[in-house]
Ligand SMILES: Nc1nc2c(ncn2[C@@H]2O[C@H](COP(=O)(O)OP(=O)(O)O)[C@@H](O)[C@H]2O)c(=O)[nH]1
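Below you will find one chain, with nothing else, as structure tokens; this is the form predicted on its own, and questions on how it binds or moves follow later.
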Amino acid sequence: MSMEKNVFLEKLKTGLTKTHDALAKNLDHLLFGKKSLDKELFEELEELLITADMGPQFTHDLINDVKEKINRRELGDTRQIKTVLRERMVAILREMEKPLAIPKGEPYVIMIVGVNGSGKTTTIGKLANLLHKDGHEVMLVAADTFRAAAIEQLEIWGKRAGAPVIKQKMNADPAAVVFDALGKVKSGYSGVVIVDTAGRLHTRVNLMEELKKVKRVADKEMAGAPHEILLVLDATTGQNAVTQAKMFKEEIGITGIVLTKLDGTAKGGVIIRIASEFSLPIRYVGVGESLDDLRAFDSNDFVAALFD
């Protein structure tokens, strides 16, 4: 294991401490000294999993799984429940472990969506840095034109990650900025184009229409673009993150998820819920503020950080 990966794994473990406590510690506490696999135990287990933001569907499936194993006499000890839980989690998350495969030497457009405050612009900076280190040429597009701060922040991240920023003045049409950027592709740019978009949820209808327009313009200028639409979710919002995933999936057709702010949340279990309910690949996870705190999602690392 590389030094860098080790450091990230440690950060992931530290970041998931609260989630680990909410889940693994409470589970140990629940199962400790319990001898019988009875109705009361199942009720307590159900409450614990829902409190840990695992969601009703996963919880229901898991408890059924445990009950079936008891009936088939494959499970006779409460402590084995933890093993079943872990196996089920790994199975769900492994399905969703699909890192982005970005070809080198040809244009590739990534559109980033998410509500304001989810860590969208920061994620773009870290993603640009990650791709740059991997040998990709990266260009950023400031299509969140309604907040001066968003454009400024993108420029700061662009400098840090060595990526130029395409922008227009405040309140310009976001689709026009994207049109500009793809003009560069037409004149020979062959790297990754990362598009920042607005996330003003209080004007939800306008927002979705605007995002659809950006998507249409991208496809018109370059058939097949955007190649990836990544939804950035803030793990600390738990249930809200689930609602956002549902909304953006239905309205825009997102193709993957980035889960940010895993450091310091007790709601990291929400990743299981999003994976099992929406069948969306989890592309990256973020565990902090520094430039290197974004990594391709690894299901084994994540489950190890939760349980070990």
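Just count from 1 along the sequence shown to find any residue number. Source: prediction; values computed, not measured.
What comes next is about the form predicted together with this ligand, which is not displayed.
Can you tell me whether Glu10 touches this ligand? I mean in the model of the complex, with a 4.5 angstroms heavy atom cut-off. No, no contact at 4.5 Å.
Is Gly15 close enough to touch this ligand in the model of the complex, meaning at least one heavy atom pair within 4.5 Å? Judged by the heavy-atom cut-off of 4.5 Å, Gly15 is well away from this ligand in the model of the complex.
4.5 Å heavy atom contact, Thr265 and this ligand in the model of the complex: Looking in the model of the complex, residue contacts with this ligand do not include Thr265, since no heavy atom lies within 4.5 Å.
At 4.5 Å between heavy atoms, is Thr260 in contact with this ligand in the model of the complex? Yes, Thr260 is a contact residue.
So which of 186 to 194, 211 to 219, 112 to 120, 98 to 106 is the stretch with heavy atoms within 4.5 Å of this ligand in the model of the complex? Partner-contacting stretch among the options: 112 to 120.
Go through Gln168, Gln153, Gln80, Thr237 and name the one with a heavy atom inside 4.5 Å of this ligand in the model of the complex. Checking each option against this ligand in the model of the complex, the one that comes within 4.5 Å is Gln153.
Going through 267 to 300 from first to last, which residues have a non-hydrogen atom within 4.5 Å of this ligand in the model of the complex? Residues within 4.5 Å: Gly286, Val287, Gly288, Glu289.
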